[in-house]
Every structure is written in C-alpha cells, then in structure tokens.
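Just the one chain here, the form predicted on its own, laid out as structure tokens.
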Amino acid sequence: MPGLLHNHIAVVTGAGSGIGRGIALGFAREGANVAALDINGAAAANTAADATAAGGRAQAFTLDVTDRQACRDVAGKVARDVGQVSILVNNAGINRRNAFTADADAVLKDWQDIMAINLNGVFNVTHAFLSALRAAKGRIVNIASIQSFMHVRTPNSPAYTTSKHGVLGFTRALAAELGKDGVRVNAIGPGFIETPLNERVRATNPELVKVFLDHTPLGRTGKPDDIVGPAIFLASDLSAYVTGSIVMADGGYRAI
C-alpha cells in the first residue's frame, strides 16, 4: 500500500542527526524519495543508508546551508540525481547558551553563527529550491520552536530566540506569497527534544531539564520521533488546506 508521501521527492536539511534524521527516515517509510542534506556528509550518508536498508529510497548530499552558492549547486544535483523536488524541510540549526551580558566577543559570534544557520540558511535553501517547489505545487516545512513565541527561562542565547521568531515570520510571509502558486508553507514548534544538539547540557545540567519538565504537562522530554508525525502531516495531502500555520509539538509547554 503506498505511503502518505508516495511519489514525492523530499529534501531534508540537517538530516544527519536528531530531528532531521528522524524526519528523513519517517518520510522514507511513507514512500518519499529522500535527499538527506547535512554539513556532515558522513552523517547524511548514514541516514540515507539506514533509510535504504529499511526498504526506503534516499541519497545523501553534503551541504553548508550558510553557503548560498553551495545551496544552488545542491539544488541542481538533486534535480539531476533524484528528480523533481516537491517537499522541503528546513531543519538545520544550532543553539548556544551564552547570555547577552556574557563576553562581548562570544555574544557577537553567537549572533553571527546562529543567524547564519538558523535564519539565513532557511532563506538560502528555500530560495535554491523555490523554482522546483513552485513547479511541483510543493510544500515547505520549517522547524521553528517554542522560542518562536517566547524566550524560555533557562540559560539560552537571545540569538536563538530571535532566529526562531524569524523562522515563523518567514513561514507566514512565504505562505501568503506562494499560496497562489499552490505551495503550502508551515512550521513545527518543537519543545525540549532529546537530540545531539542538547546532549551535553542534558548530561551536565539536570536542573535545566527539570525546569522544562516542570512546565510540560506531558511530563517528559520529547524524542525526534515526536516531530515525525507532524512533519508527515504537513508534507502530505492530509494538510491540503493548511498553510501559514505552526503545529506545536512541545508536550503542552505553551498551554501553561
């Protein structure tokens, strides 16, 4: 029986680990042919290999999303090697936890690095695949955050919060502009998800994790697989009349 994403070609950035890897594997299970993109080419290759071993279809590509020309080049390679892209998941991102009042040089570097990946990277990749997505009447899924709405009260970089506000704004702006082309643009707002991105802080700062859990009605941290279902929904025809929205997957964090 064909999956929900049968006959789709899906590009997933940051597909080498964490949420991106989970989405890439989930899309492959649902029948999509997946282009797994990551700055770590070996990690992307592992994701593609695991998807293929499970009976899906996937290929890996190395990409630094901050490099606009590299994004264009990869878009061309995917078109040649895989085919007509109809789904894009902008997942690649980083976080740092320096306060704005920390060392000035560190704060400036945080700002530049986080904006370059989390916000400019979303722009670069989307722009590179835009023609293909418009031609396919495709769908874009951006990974935003609970911090698209608030600055979580734990040690956290203001740059991260700002970047994720930007991702949600970009999502809504593109939904308004591209709707006439049949392109749907939505976002997912993860809460505290256990990924390699926060592995160190989880291991060394249990109090920070407790702050999140005390504010989360479901009483647990999330796993990458908790984001896969919302991503499949937004990428599939199940959400045919959904655009400009954000699906929160935060265990209820914003409910209290």
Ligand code: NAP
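All values derive from a computational prediction rather than experimental measurement. Just count from 1 along the sequence shown to find any residue number.
The same protein has a further form, the form predicted together with this ligand, not shown here; the description that follows concerns it.
Contact with this ligand in the predicted complex, defined as any heavy atom within 4.5 Å, is confined among 73 to 81, 142 to 150, 129 to 137, 176 to 184 to 142 to 150. Distance criterion of 4.5 Å from any heavy atom to this ligand in the predicted complex singles out 94 from the list 115, 107, 168, 94. Just one of 56, 26, 191, 230 comes within 4.5 Å of this ligand in the predicted complex, counting any heavy atom, and that one is 191.
Residue contact check for residue 66: one or more of its heavy atoms lie within 4.5 Å of this ligand in the predicted complex. Using a 4.5 angstroms threshold between heavy atoms, residue 11 stays clear of this ligand in the predicted complex. Under a 4.5 angstroms non-hydrogen atom cutoff, this ligand in the predicted complex has residue 17 among its neighbouring residues. Not displayed here, this ligand is approached by residue 196 to within 4.5 Å at the level of heavy atoms in the predicted complex. In this stretch, 209 to 226, not one residue has a heavy atom within 4.5 Å of this ligand in the predicted complex; the partner itself is omitted from this view.
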